[in-house]
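What follows is a single chain, given as C-alpha cells, in the form predicted on its own.
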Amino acid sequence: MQILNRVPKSVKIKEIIVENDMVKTFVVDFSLGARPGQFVMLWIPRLDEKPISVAMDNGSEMHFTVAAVGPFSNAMHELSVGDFVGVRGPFGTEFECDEGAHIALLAGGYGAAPLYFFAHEAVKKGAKVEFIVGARSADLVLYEERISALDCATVHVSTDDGSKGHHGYNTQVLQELLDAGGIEAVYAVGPEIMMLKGAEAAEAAGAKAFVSVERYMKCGFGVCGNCVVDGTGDPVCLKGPVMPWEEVKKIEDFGKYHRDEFGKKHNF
C-alpha cells in the first residue's frame, strides 16, 4: 500500500446530484483508481472524517452517494459545487465475478450505489445481472434508471409499503430468482440482517455469496483496531469490506450486533 493514499488530498466538488430528499451524490473531478466495493475516507476540515463507499470511479472522476443521517453526512449535504473535501484511499477489498457469470446483486437502500459500480464493471465481462433494489417506499428507490441503462442488467424493485414493484422484502425477490435457477453468485450491500438472509438463501441454493461488512472505521489501513470483528479478530478495513460468505460465517457478531467507537455492543 502506498503511503500517499493515507494522506487526504483536497479535491473540488464539480457536481451534486439530488437523488431524493435524503440522498445526494457528490462528483469530484479526480480518480484514485478505486474498484467496486472499495471505500475512501472523506474529510471535512474542522469537522470529521468518515468512510464512504465509492459509487463510481471511471478513471477521471469519482462519485460518492451520501445519505443525510448524522452530523458528518448532514454537513456534506450543506456543501456546494466548488467546495473542497479531503479524500484518501481507496481502501479494502473489491467485488469480482467470472466472465459471463449470471449473478444477483442484492441492494438495500444506499447499497444500490456501490453495487451499481459493480454492475457497471460486471457487464463489461459479459455478466448477466439481476439487480434487486429494496427501499421502504418508491421515493427512496436509488439508481433504478442508471441500472436499467446497463446492457444485460435487469432491475427488480421491492418496497416495504408496496408503492413500487414487489410488496415486501428484496430477499423475497432474491429467493424467487434463486428458485428459478441459474444464479451462480449473490452479492449484497445494505442492512446486515438483509445481507445475512440473502447469503443464507444463496448458500441453500448452492450459489456463492459475498457481502459488504460495515464496522466502525477510522484509519482505513488496520492500525486503529476500531473495525476489528468478534470471532476472527480481523480488521474489516483490510479483510473487507467485501468478504466471501465462508469467512463472514466465522464472525460472531455478524447479524447480531456491532460495536461503536467506544467498543460498546449495539444489537441489530
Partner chain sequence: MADLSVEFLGVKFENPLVLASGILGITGDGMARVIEHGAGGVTTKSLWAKEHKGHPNPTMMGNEHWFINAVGIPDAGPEKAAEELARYRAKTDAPMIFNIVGGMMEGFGEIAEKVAGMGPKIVELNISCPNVKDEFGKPMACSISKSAEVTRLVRSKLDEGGAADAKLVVKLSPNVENIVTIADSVIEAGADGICAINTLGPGMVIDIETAQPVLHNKFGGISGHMLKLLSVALVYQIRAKHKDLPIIGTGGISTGRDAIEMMMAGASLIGMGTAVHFRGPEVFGKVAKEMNDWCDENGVEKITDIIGKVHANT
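Values in this document were obtained by computation on a predicted structure and should not be read as measured data. Positions refer to the first chain, counted from 1.
Note that the form predicted together with the partner chain isn't included here; everything after this is about it.
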item: Heavy atom within 4.5 Å of the partner chain in the predicted complex - residue from Leu32, Ala67, Cys219, Ala205; value: Cys219
item: 4.5 Å heavy atom contact, Lys9 to the partner chain in the predicted complex; value: yes
item: Contact test in the predicted complex: Glu61 vs the partner chain, heavy atoms, 4.5 Å; value: no
item: Contact label in the predicted complex: Arg259 to the partner chain, heavy atom within 4.5 Å; value: yes
item: Contact flag, Arg88 vs the partner chain in the predicted complex, heavy atom cut 4.5 Å; value: yes
item: Among 53-61, 35-43, 22-30, 196-204, the region lying within 4.5 Å of the partner chain in the predicted complex by heavy atom distance; value: 35-43
item: Heavy atom contacts to the partner chain in the predicted complex at 4.5 Å, residues of 240-268 in sequence order; value: Glu252, Arg259, Glu261, Phe262, Gly263, Lys264, Lys265
